[in-house]
Every structure is written in C-alpha cells, then in structure tokens.
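Only one chain comes next, encoded as structure tokens, the form predicted alone.
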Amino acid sequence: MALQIYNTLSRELETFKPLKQEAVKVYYCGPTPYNYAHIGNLRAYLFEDFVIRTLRFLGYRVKTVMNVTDIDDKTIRDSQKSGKSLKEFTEFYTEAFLTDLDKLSIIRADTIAPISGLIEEMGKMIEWLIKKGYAYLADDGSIYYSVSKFKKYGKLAHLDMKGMITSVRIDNDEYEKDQVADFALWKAYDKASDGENKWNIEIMIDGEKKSLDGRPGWHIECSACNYRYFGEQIDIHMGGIDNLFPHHQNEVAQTEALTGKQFSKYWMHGGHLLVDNKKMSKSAGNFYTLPDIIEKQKNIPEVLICRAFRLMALQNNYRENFNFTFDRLTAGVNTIRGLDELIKRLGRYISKLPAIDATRNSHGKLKFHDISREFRENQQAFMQEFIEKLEENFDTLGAMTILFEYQSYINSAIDEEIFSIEEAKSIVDLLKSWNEVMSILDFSLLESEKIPEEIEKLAEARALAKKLKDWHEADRMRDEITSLGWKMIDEKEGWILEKI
C-alpha cells in the first residue's frame, strides 16, 4: 500500500507522489505572536508534527518551513497597547510558542522565518502581480489583489462564487466567506493605527518607480515565504481549517497568478479544538493555554501532562474536531503511566534474563539468544499493521490501537517469561521506531536507578515481616518506603524496588 492523503483541493484521498523524490517540501502556517498560543493552536501543530514525523518514518526526505507572522493587524495593535516595540513584543511571544512546541515534543521546522525579514521578496511579488494585471494601486497608496482577474479563485475553498460581491475592497487580514473581495497586498501607512511601525517597498508601476511606506497584508507574507525558501511549487501545505479561507485561498491566487503553476500539490487541514464540546472562548471561561492546563493539574508532573495531551491528539483523527476535557486528559495521564510501566517491565526483564536462562532451558523454552520464527512473524505483522494505519491518511488513532494491542501482547509474554533476551531487545527497538512518530514513550525508564542502601534494608525487613506474617509491620514499612520516594513491587520470585 502507498501513502494516501486527503487533499482539501480535490476533496478526495490521493496517492502521495512528491514533486521530487530527493526532498518533500512541506510548509505550514506559523503563529501570529500577539499572545500565548492556546491549546487549539497547539493541536494544529501536533497534527502537522505527526504528518512530518510519519513522512520521515516512511523514508521520505522532508524539508519544512514555517513562517512567523510578526507583522499583522493584531501584533501591531497589541504591541502598542503593551508599550513595547513590535520586535520586542513579537519575539517574546514567539519564544513562548517555541517553548510550548518543545514541551509537546513537536519538532521545530527546519526553517523558521519571521515575515519582517521578507519585505523585499513581498515587494518583488507585488510588482510582478501589478505588471501581470492581477493587482492595482489604490488612491490611498495601498495595493490590492483583483480577485475577479484570477479565474480559479475559490477553487481551493470550494466557494460558490455566484452572487458574491467581488468589487468591494477588504482591508482586514481576516474576513468571512461572504465577503469575497479584493484584498490588500500592501497597506498604506496610517500613523493613527500603525504608530511607528512602517516599512518601505520600491516598485515599478506603469514605468514609474514608486516608493510606498506601509506594511504587507497577511496573505502575501506566506506566499513570499514559500517563494523565498521553496521556489514556485511545494508538495504539501498544512494548517488549521480556519485558515482555508481567506488565507490559503488568497495564497493560491497570489502565487499561481505569479508563476502560472500549481502552488501546492496537496493541501491538508486539521479540525477545530472544542472544550467540553463547546467553542473555546474567554467569555465562556473555557479558554486554555498549555501553562493553564498544567497549572490546573498541579498534582501531576508537567511532563506527564504534556505527553498526555500529545497522546490525546494521536487518538483523534486530524480532520475531525478535537474535544478537550480534563477527564480525557486524566485518562491520558493514566495511559501514559501504563506505557511507562511497560518500558520499566521490559528493562527489568532484560536485566534479569541471564539469571533465569538456565531455568528457561530446563523447561524446554527458548535459548538465551534465540529468536523464534513465530516471534519474527509477530514482529513483522505488528510493524506492517502500524505502517498501514499511517499510510491511510495518517490514521494515528488506528496506529495507537496497534500500540495498545502490542502492549497487551508484551505484558502477557513477560508474565509467562517466554521472550529471549534478543527478542526483548527487538521489542524495544520496534517501540523506539514507532516512537519516531508518536514521541510519547520514555526509554530512560529502561535503566533502573541505583537503590539507596537504606531503602534496600527497609525492603529486606518488609520481606521478612511478610514471611513472618506480621502484616501490620509489613504495611508500615511499605508506607515508609513510599514516603521516601520508592515503590516496592511484589513478584512471584521476590520483589523489586522502583523509583516513584
């Protein structure tokens, strides 16, 4: 089976065929850093991360670019309210955003491009769009894209253009579908709203060079970013469904009018995030950032919260709405703890195998270094099923189902002590390969932490108390061990100690 992608442009599943095998070019819209990212924003970057990780897992060489929209209606407005320069203001929130990505194990883009560094590229694109008749200079010094000149306008967003107004100009960066209109490529400088924030482009219009102060519109920014780093065409463009119109539709109009070529071969869009099945908003009291949900779960380590939120995203189809609840987050934490216990069990099993090897042989079981044919076939089947799910339009929910089946298989086999050491190590290797996509497993747990002598003595004393059937004393010492940060786990052949 080959990788299948649901293409927003065609509204169909399509077999993935990159433009060039040596490098798959992937672009995704970055943040507008005027505030902290909320969990709905982060859900979009999680879906994009799964796509990029899966492509690499399947053997594709991937190059990624993400913009940072540091020039925007909102960044200018809120930087002025804060009393900070636009640069200082946007850099602060950009760094906060990148910190959130790191906490959620989201791989940073190969190229992260603040739009403020691409003014020259935007000027060149605007000049060419004017020369080709797709843009025009308005009386106030702003430049607009003429929607009516681009005959394929609305195709990506699947708009019904009949009856829509296309003669009215739109200055705002964001607007609704019933407001299809000429949109701003360059906004003339307005001291009242822009303050000290202005840039300059020099462009030729009808043989005359004009110097225009102002700032770019939102949509030209991403077109210029793509053109700078990827050229005329890309393989995949990703983003949240709310960016489909007007932003992505306008990117298509600008870039394809300029190049005459299809801009992006595949378009992928993630669904909305809801909280308790309601739209997230500050007025509804259900608006959360990542630090917010960490703060509300103070009794749970931050790293577990972040891994659980990532798990929740994995267990949701990227095209469907994601319903966040704190109950689901708690369930996710418990699932992560179960996976941590699996890794610990594998570590303990591998470390004690040499000691039980002779017993295993006398029982007619596998030899110490053997890998059975049945085991190889099981491994191949699990891997194949995992890959097949990912190739079905990045079905991470299906892939996670395979992981949980594998978890059950491993636990049952460890209970029966039927794995050889080479088989146990092969299981770890398979889990590590899957984790290149999932990034929710903690393999540091394979290594047992050195146990303090005090804890060892308490554990031995508790074992003796149990042997003497002094249950009260055994319970007391168990509680004391727990209070010191360790857990005593009873097994058939004795006990083990584990750091809490």
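Nothing here was measured: the structure is a model prediction, and the numbers come from that model. Numbers for residues come from their place in the sequence shown, where the first is 1.
The same protein also has a form predicted in complex with a small molecule, omitted here; what follows describes it.
From the list 341-349, 232-240, 392-400, 309-317, the contact stretch for the small molecule in the predicted bound form under a 4.5 Å heavy atom rule is 232-240.
Under a 4.5 angstroms non-hydrogen atom cutoff, the small molecule in the predicted bound form has Thr32 among its neighbouring residues. At a distance threshold of 4.5 angstroms between non-hydrogen atoms, Tyr45 is in contact with the small molecule in the predicted bound form. Mapping the unseen interface onto this chain, His38 counts among the residues with a heavy atom inside 4.5 Å of the small molecule in the predicted bound form.
The shortest heavy atom separation between Gly271 and the small molecule in the predicted bound form is within 4.5 Å.
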